[in-house]
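Here's a solo chain for you in structure tokens, the form predicted on its own.
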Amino acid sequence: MERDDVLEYLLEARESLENIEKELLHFEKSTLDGSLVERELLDTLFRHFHTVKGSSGFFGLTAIVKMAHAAENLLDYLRKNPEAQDEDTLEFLITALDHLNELVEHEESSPSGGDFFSEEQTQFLNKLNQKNESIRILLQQTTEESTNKQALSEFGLFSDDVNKKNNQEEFGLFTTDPKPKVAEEFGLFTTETKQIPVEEFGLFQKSSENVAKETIQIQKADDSSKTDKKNIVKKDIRIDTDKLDSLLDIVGEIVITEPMVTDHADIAKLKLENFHKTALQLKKLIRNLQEITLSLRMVPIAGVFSRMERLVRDTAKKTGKQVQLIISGEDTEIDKSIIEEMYDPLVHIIRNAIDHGLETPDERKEAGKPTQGTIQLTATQSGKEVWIEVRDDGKGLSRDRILNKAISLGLIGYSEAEILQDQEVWDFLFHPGFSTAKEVTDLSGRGVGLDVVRKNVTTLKGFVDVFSVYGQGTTFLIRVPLTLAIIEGLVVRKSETYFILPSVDVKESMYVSNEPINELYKNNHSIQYRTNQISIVDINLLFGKDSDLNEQRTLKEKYVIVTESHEKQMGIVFDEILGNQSIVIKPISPIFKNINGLAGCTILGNGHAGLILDVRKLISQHLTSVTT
């Protein structure tokens, strides 16, 4: 068996396991009020486990087969005896799912020939098999008791008792009508008590007829599943992301090359009316091609959101809190590479929200709130960005507590603490090692989580903001670009070098004909911007050289780009603004890797290379240098 074939199957197995997790969580939610689980849901779960078992056996993954088979047996019992559902049974299924995920992940990274790789897995399988065996014995005893009762009832053969008729039907002693047998098979959920023993008895020791019928049912289910897959195949196909990346690179080259041809200096002064019409049509087609290519990498964020349901469930159980997760906007699409990086930030934020934000049921009751806390997870598209919001209705952030911790860590003095805005106070939460938790637990308390959130989101060229009202709850808002492959940028020039500033970081651009500069000391200048004084720099200073603004009293005939990051503003001086355009980001050469403040490079329509600035890092570095 080729390794590539195994890996491709394991990818499909992951999708099946994701579906199982979704259905198990649905199972749990739908039975919280004591309702019986739906037969259709059990059939779906059974089918997923059956598929995983069957396909894994084909690839020789014996551990997965054994685990899925044991879970399948348990589900078979529930399918025929839904009234036997309990929390213990559901936990068995969820734990089996966890072990299956571990086995699939291990087989992907460190193939072990399909065997178990931990003692814990073997012990759990034994435990699950023991439970199935105990069920089998219990059912056998129940059936024997039922048989004895039926034997006694045979003495009443000529009675008109209704129950007697049912016994006759069950054993087929006095009728050749096959219909009653069919009725027994589908009578799993009837209230007829006499039918249940026969069905239970058939759980582990099926008659050949029942086996044949059930096989037909499974085949029909599989056929139905295959039919569904065929329908999906008509709409979707699986493509290697490397091929998509290659396609995007080629389209990016076309986007770059197009203006180099249509706006070439050799034809700029020629009157070529037909050429310009055709060039305009070409621009339009290339724009469409670019948009379609980018859309190929866009996937719904639902995949990440659905994984949060399990996180909320497990964290709530560990903390003893009641939590309801409300998801909306899961159809919002975003670049696949960004989605993959959003999982960790969301895990940290939601885990913190449950562990620190939401109160215990008693605390909530005392505060006049419902005992069940709520976390809302929402995604919306706003222009070229996707906004992901995590909102809880917990106790909110304590400004005093955060400030006291910041002061104790030496991050701020007593006098400064009093004048800080709330947003500046919440910002301390993202400081590495910052935590106000009284004790460290296995969930949180080390001050690592939110540090990771900001680091990951910043890497994606995104922002994370916090809003909180004490006693009412906290909201984390993450803003990330739709895609990292192409950005909208402002192209500017300083001397012979071209730079690109991401449009999202640009607050305003302005032409300065003659404006006084305030020099506080060397390399530290400011300029009047509306009603405030803001720092002003030239690009040389940002890359470690002395500023060209030193010893200048005024700024003459220059362009100032006002940039903004976390409500901190800084003006950067350039000689010329070429305008806004879509920028295809190219990886930066290793030679420039050590230069802080560069996010990448690109080729401009005029054929020149352009350096893409990491504006937020530049602002942070400069403001740190002038305040220390």
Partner chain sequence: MSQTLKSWDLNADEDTMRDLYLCFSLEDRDYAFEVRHLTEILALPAITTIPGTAPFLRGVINIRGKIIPVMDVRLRFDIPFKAYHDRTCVLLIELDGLPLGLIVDKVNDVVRIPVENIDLAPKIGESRSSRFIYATGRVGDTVKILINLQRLLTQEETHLIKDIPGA
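Positions refer to the first chain, counted from 1. Between two forms, the rigid core is defined as the largest C-alpha subset superposing within 1.5 Å. Bear in mind the structure is a predicted one, so any value in this text is a computation, not a measurement.
Beyond the structure shown, there is the form predicted together with its partner chain, which is absent from this document and is the topic of what follows.
- Highlighted residues 43, 94 and 306: none comes within 4.5 Å of its partner chain in the model of the complex, counting any heavy atom.
- Only one of the listed residues (577, 560, 603, 65) places a non-hydrogen atom within 4.5 angstroms of its partner chain in the model of the complex, and that residue is 603.
- Considering its partner chain in the model of the complex, the lone stretch of 66-74, 595-603, 569-577, 47-55 in range is 595-603 [heavy atom distance within 4.5 Å].
- Heavy atoms of residue 10 never reach within 4.5 Å of its partner chain in the model of the complex, leaving it off the interface.
- Although the partner is absent here, residue 275 is not a contact residue: none of its heavy atoms lies within 4.5 angstroms of its partner chain in the model of the complex.
- A residue is said to contact a partner when one of its heavy atoms sits within 4.5 Å of a partner heavy atom; residue 26 fails this definition for its partner chain in the model of the complex, lying far away.
- Using a 4.5 Å cutoff between non-hydrogen atoms, residue 83 does not count as a contact of its partner chain in the model of the complex.
- Residues from 501-540 do not approach its partner chain in the model of the complex: none has a non-hydrogen atom within 4.5 Å of it.
- Core-aligned CA deviation for residue 540 between this form and the one not shown: 2 Å or greater.
- In a rigid-core overlay of the protein, residue 14 has its C-alpha displaced by under 2 Å between this form and the one not shown.
- Taking 2 Å as the criterion, residue 499 counts as shifted between this form and the one not shown: its C-alpha moves by at least this amount when the rigid core is aligned.
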